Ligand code: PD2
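Next up is one chain by itself, shown in structure tokens, the form predicted alone.
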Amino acid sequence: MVQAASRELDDWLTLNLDRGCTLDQLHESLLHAGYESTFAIDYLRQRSGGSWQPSAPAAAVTASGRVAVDASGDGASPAEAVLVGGVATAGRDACCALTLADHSGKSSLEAWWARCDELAGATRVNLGDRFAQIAGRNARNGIFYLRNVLSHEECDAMVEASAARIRSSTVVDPTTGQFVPDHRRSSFGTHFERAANPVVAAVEQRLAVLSGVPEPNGEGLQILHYRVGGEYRPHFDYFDPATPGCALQLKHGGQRLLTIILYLNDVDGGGGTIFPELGLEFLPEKGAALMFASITREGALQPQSLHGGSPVTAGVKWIATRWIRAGAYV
């Protein structure tokens, strides 16, 4: 990590001071985010205009990767600030590194929501072959935005392998269950068969670790390319049981539990992913991932999962989408 002040760090500080967080809490968060103690102390002292010093030892990170807060403190979790759609929003939990556990033996629905509970208390995630940072979340509705899920080289490889294959995108017809063109979706796309090449296989395995749901439950990666003006108007990813075409799709592994969107490039303008029911927007960042639930803990359809892709206003947008089913996708 570069040990230097930045506008993003200053915004983080301002937000959390306005929230009433103490400098001790912010110091703890900086340490758990990977900043050196000397830099963190100097930074907070300079920005607060005083001679502040930490009043208590920082929380210790246990072997399991969770934070153990000093019992002599006030019990408040250290502050965390993240950037969502270019606007800083506050997280609730202590910064910590989290090694994702095995959820075998649970149903896919239980495994997914167990993973959500773990991610709700983390800011860094060990995916086995790389670390990702949770940069935004709405844990109640199972929404997480993570940076560094893919390397830039992996992003470039998927774009390069897709560029010559893309065609006008389609959607599932609710009446027939077949894939058809739709005016709401102005993009071009293609897909990879599962484990189509070493990069795809590595990404699929990583997303299984991230989601807590076995890799065979995932549909093949869908690659989408948006040009200026391209968008995908708000929609649901789950299959509506009230429509005639739903039964055909449910034969291929059951309902879609969740969606993972992988951002394969930085977009010059627009192209954010919006959740109209929640007032959220997540901006594309190369290598980042947006993961969200289509099904509630109780197994009901999730109305808050209504989402869309805002029009691209400058440049182009490349994403890969992984839909994960309740059962093995066939």
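Numbers follow the displayed sequence, beginning with 1. On a predicted model such as this, the values are computed, not experimentally measured, just so you know.
The discussion below concerns the form predicted in complex with the named molecule, not included here.
query = Non-hydrogen atoms within 4.5 angstroms of the named molecule in the predicted bound form: do I143, E277 and Q304 all have one?
reply = No, none of I143, E277 and Q304 comes within 4.5 Å of the named molecule in the predicted bound form.
message = Please identify the residue among W113, F192, F239, Y232 with any heavy atom within 4.5 Å of the named molecule in the predicted bound form.
response = That would be Y232.
ask   = Among I261, L283, L264, A293, which has at least one heavy atom within 4.5 Å of the named molecule in the predicted bound form?
value = Exactly one listed residue reaches within 4.5 Å, namely I261.
query = Heavy atoms within 4.5 Å of the named molecule in the predicted bound form: does S29 have any?
reply = So S29 does not count as contacting the named molecule.
message = How about T321 - does it come within 4.5 Å of the named molecule in the predicted bound form, if we only consider non-hydrogen atoms?
response = Flag for T321 set to yes.
request  = Classify I134 as contacting or not contacting the named molecule in the predicted bound form by the rule of any non-hydrogen atom within 4.5 angstroms, answering yes or no.
outcome  = Result no; I134 lies far from the named molecule in the predicted bound form.
request  = Mark G308 yes when one of its heavy atoms lies within 4.5 Å of a heavy atom of the named molecule in the predicted bound form, and no otherwise.
outcome  = Close contact exists here: in the predicted bound form, G308 approaches the named molecule to within 4.5 Å, heavy atoms only.
request  = Pick the stretch from 245 to 253, 149 to 157, 221 to 229, 196 to 204 whose residues have a heavy atom within 4.5 Å of the named molecule in the predicted bound form.
outcome  = Result for this chain: 221 to 229.
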